[in-house]
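In structure tokens, one chain follows: the form predicted alone.
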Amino acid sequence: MLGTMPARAAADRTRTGLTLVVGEEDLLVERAVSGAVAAARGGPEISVDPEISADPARAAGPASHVDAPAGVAGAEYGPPVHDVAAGELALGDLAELTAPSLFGGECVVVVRGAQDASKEVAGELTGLAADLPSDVTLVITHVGGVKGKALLVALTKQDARVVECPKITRLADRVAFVRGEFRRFGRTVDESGVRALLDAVGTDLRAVAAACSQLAADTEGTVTEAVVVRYYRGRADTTGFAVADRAVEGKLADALELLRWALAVGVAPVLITSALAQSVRLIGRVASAPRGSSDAELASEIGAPPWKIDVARRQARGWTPDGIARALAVVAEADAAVKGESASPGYALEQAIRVIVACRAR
């Protein structure tokens, strides 16, 4: 689970004073911190669920004894916020930040990167967490891992709300994130739209979140591949897999257009031949599978996501075993050509795509 915590639970736990955010996924960490700060300051309840929460994207970097830092949700409400970097704290700084004001009142202290705290500051931080004043809300971030592990263990033993924000690396988690982003805007996205968006934007979660926000604001209805391509033309259209998809579907003009786009923006020819090979092989495996096999069964056997199996099944229509064998041979020849056997990799790829389309047409 990617560190999900419903908004009301965040508010309840913040009243006890201590929130520990653990993980390396910056966007999710920022959302978790912002949710805890907003709840402590009496602002609108903000979910820190990565699938439905807002994107506060802090403008300021860590380190600075500033009140209501830019980008921290809820900054216009309630007590002041002191946002500091653990690595820049000296012994006694925490005591100064949490000391009672002459005028009374609460305060919120955000300590970022606790793994970078010195031994003395780590001890002070542990002591503060264990005996937190009732008028202080303490939010601590830690990347996890070996560095500063003793401090992390000590903090988790306290009565803290722990929000885990591990790095998102699995495709399934990225797909879930994209769906969640659209869901929080009251929108839906189909499998082709998710795939096209991830192909276009890449794996950076902030970029993905920003793209989801833009598409949700600028379009209507279900977000499909066609919608994504319209907004990210020149990015979504220039992957090797986009070229391969059009080629195995028999769409010669589209495939050649995308090939020129890909080469123009610097996609390596070897990546295009690799995508062609993977697409043709996947069609071969899907086409030869026993009738009645489900997408999930084939996905488990082949090692590809179910949505890709579904796409390959549609693409397999019109292909014969002989056509697949010939296409694989052509891809092998093109691969050798782009690796040095041809003076013009672009021409070699164009000829390969023409033959692949012809193989399907047969």
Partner chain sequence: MRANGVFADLIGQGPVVAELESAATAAARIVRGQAAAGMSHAWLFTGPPGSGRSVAARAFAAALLCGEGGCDRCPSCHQVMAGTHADLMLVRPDGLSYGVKETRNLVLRAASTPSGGRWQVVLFTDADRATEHAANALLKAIEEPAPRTVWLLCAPSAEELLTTIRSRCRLVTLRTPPAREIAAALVARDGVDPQAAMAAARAAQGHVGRARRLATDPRAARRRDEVLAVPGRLTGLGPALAAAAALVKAVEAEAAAIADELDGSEQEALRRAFGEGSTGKGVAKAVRGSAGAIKDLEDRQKSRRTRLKRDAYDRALLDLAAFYRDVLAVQSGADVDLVSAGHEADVAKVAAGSSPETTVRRIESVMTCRERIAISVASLLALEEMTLALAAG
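Just so we're on the same page, rigid core means the largest C-alpha set that superposes within 1.5 Å between forms. As the structure is a prediction and not an experimental result, all values here were calculated from the model. Positions refer to the first chain, counted from 1.
The protein also exists as the form predicted in complex with its partner chain; that form is not presented, and the subsequent description refers to it.
Of the candidate stretches 278-286, 193-201, 216-224, 179-187, only 278-286 has residues with heavy atoms within 4.5 Å of its partner chain in the predicted complex. Using a 4.5 angstroms heavy atom cutoff to its partner chain in the predicted complex, all of I324, A332 and D335 count as contacting. Heavy atoms of L328 reach within 4.5 Å of its partner chain in the predicted complex, making it an interface residue. A residue is said to contact a partner when one of its heavy atoms sits within 4.5 Å of a partner heavy atom; K339 meets this definition for its partner chain in the predicted complex. When two forms of a protein are overlaid on their rigid core, residues whose CA moves 2 Å or more are considered shifted, and A352 is one of them between the shown form and the other one. After superposition on the rigid core, the Cα atom of L28 is displaced by less than 2 Å between the shown form and the other one. Relative to the superposed core, A289 undergoes a Cα shift of 2 Å or more between the shown form and the other one. In the predicted complex, the separation between the C-alpha atoms of V201 and S279 grows by 3 Å or more relative to the displayed form.
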